[in-house]
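What follows is a pair of forms of the same protein chain, given separately as structure tokens and numbered structure 1 and structure 2.
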Structure 1
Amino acid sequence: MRGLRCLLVVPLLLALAGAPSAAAQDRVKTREIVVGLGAEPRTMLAVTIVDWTTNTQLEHIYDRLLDRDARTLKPKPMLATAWRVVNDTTWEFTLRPGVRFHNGEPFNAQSVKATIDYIKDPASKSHYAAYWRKVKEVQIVNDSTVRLVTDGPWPSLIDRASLTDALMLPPKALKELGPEKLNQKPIGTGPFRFVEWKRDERLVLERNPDYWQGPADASRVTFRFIPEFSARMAALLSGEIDIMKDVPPHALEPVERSGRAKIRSAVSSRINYLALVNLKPGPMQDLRVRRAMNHAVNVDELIALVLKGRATRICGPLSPANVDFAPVECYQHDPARAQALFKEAGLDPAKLQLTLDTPSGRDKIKNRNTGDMFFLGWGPSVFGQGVMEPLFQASQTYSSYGNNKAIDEKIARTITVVDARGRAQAYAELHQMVRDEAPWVPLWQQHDLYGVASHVEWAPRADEKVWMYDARIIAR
């Protein structure tokens, strides 16, 4: 029986040994930040897999050609200090001098060419190949000047260049080591250097003291992968992690009350909408029914009651955070009007049966076998083409609406307008056309809610980047 008693004592000792709050204090001293994310990266190889979680972590290691302003989301200089339109099909970038990769290799025009070439090489099986298809050639003018030649006017090139679609790879290492080695030990120009990736557990990065924007405040950043929300929350409240992503609205109070952490929120550029599927036979092919749905759904009430006010209503296809956003008039909640429209369309609203699919069935959306409606979140969408093209054309994988000639033509023209004023004008007109066609019930931009430990200062962004270069550690 003595053995039994010993066994009971062991867990208690372990519990004491694991007393977690000391760890948080240690981290303040060593200037370390631990971020709790819901999933792990899918690869350490840049510009290969399109995946938010992967990229938000890779961006700490790799820089992009251009950055985006945290508030306006407009492109701004990063590894390129300036850019200009040479002609309708040629863009020129001036590159930042004196930047070095973590292995000492200099960053220059070769890097840009090597990166785009890697993406376009079929052997790389990069998801981004499709995104950069319009780029015909990368011309090296000199070490710090590079030109991208496209096979037609493509104004969104600038947007692609400012996203993770253009994380710059080290050309020499890529050639000598090969992608497989870079996957094991990524080498970028970013503010943090790779230390280790323990699959399903953690990714550890350390400060790059020679970062061209100046070294980060945090000496070490660890991303821990904790899939369950409650588990992330427990980890935050017990001091195991310092920043947690996605606090649901109902759990805000326990975090605030704990005294260990505070809530930080950002209005995300991700949009959520109820698609009214007109790509298959059914009542949704009737414009009056789609408009009736827009009058029938009480978006404001849903936001107030279900999301506890933690969302911002949208009325058109883009969120105000999108650089190509234009305001349109909202459909007002008006049940009587909705009923009238249903009746006008020859439907009895009391007997009408519609099927709504939830986004767990992405296959269904692609295979076009959803019900009359489905719910989808799309984003973080920061420029117009990334919404208008994939979502309102029948030929696209995830669209629910299409076969509207006028809109098809308008999209085709709008995405080739290079000049800024003309682009804004074209998008404004497109917004209005889409709004009148009522392809969706536009719902809301979600508010991204983060729990942040009291000894860390950090503000989330509309593009959902969890960017630890901005984080500060404050001693209490």
Structure 2
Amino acid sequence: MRGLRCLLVVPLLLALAGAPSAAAQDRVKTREIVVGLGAEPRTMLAVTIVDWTTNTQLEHIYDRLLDRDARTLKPKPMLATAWRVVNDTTWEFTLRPGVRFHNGEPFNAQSVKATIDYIKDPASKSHYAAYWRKVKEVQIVNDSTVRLVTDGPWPSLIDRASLTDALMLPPKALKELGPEKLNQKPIGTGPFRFVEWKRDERLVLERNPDYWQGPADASRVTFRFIPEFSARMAALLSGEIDIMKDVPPHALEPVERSGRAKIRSAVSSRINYLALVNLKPGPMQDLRVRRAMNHAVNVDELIALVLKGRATRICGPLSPANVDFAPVECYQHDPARAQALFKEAGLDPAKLQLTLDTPSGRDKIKNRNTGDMFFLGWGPSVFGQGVMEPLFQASQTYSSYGNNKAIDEKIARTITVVDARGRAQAYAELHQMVRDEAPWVPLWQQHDLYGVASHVEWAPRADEKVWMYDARIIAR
């Protein structure tokens, strides 16, 4: 229905498109950017929930310890200006001087300690607690220097510090106000300050004039929550919003012809897959059934017909955009082989009934309430541990697979390998092990398609950071 609605809406709006709408012209004057998203944030408190939509908005309020280069995706300075390995279990970070939170509180080593302590505290119920479990202690050397001591070698610590795992909290406010008050009125060091969160409607942020990188070009950023694709497309083409992610491939030409918006694209690091749930009794506990599903799905046809070629097939859980990628052989589309495997497993493929969930939001997945299969996108998928650990260990929030001792042990060993050559070999072996276990039908590496208003200059990134600090508003 979403695609049909979009096909119906686009031609109607094209008749009205062309010149900028009055609303868009007003936004140019006031230097406001409106971003249309499919859902509102699930929290306003950083380092709490693993959710792209939530963290896309929070990244405007809070800064990370480290950033990532938009082109290479390699870690680069942000609130930390430098880092070094003291020994196999100690990393030292030098912090940027003179940075202040929106309430005037200084950012310093205590901020790093308070943030990581908050993540690791069971009372916080942070989704990121498992990701930072290897940190044994946070040592404050002085105001501008902090050391993270781990319980063993952890080369991916730098990768973690460059993701939303490391959005920094204000320690004094966290202690005096508490998490609930900060959830109502968040305080970060980022380029925009919190103004208003009107549930089910919008989040409004204003420019931080004292931002350490200099003030943003936009004076205000508003996130509008529009669940339906067709409604977001209508909002883009009517000039109600300025940026929309995930424009359907069939709508690319109409958007370009509209005169009000243009298409901007990026080959994303996000992977999309069909999870074959083996954590509960059912056919997916049988390896033959999982391999049969891999032979049954024609991924190349889906990419060609449904996505109009705007995706790249993946054959295992890591894509070439991942620094720990190693090639594995794809399962070939082979319906006859799929039927034979179903029969070997004692199932009649003509009578087999399976439940596929394509959930709106992630609650059903993280609460383990899905059927035999579910569809999910995971990203930014830029390093091996960020995929293998959360998605293939049964205890992790989003895992659909587990209870495989060999893979659990291999993951535990692989994430501690410091030597670059040894690390590459370990991830290659792990990638092959997971591919052979067929816990998913790997689908594709996503190509992100954005609709961007003609008066906004902004380029999408492979790490899916929709950061309006990079946007510029131009008069037409």
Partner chain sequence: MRHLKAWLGIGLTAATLVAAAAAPWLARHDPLRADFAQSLRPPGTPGHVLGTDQLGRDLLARVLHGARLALFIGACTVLITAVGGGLLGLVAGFAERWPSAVLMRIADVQLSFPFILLAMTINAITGLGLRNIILSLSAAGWVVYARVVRGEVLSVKQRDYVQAAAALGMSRARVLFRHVLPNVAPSIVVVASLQFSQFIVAEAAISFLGFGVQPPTPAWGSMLSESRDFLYVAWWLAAFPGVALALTALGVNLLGDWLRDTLDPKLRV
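All figures in this text were calculated on a predicted structure; none of them were measured in a lab. We call the rigid core the largest set of C-alpha positions that still match within 1.5 Å between the two forms. The first residue in the sequence of structure 1 is number 1, and each one after it adds one.
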Displayed copy of the chain that is the form predicted alone: 2
Common rigid part between structure 1 and structure 2 for Tyr331 and Val204: no
Angle of rigid-body motion between structure 1 and structure 2, smaller part versus larger, in degrees: 25
Core-aligned CA shift between structure 1 and structure 2 for Ala350 (Å): 13.8
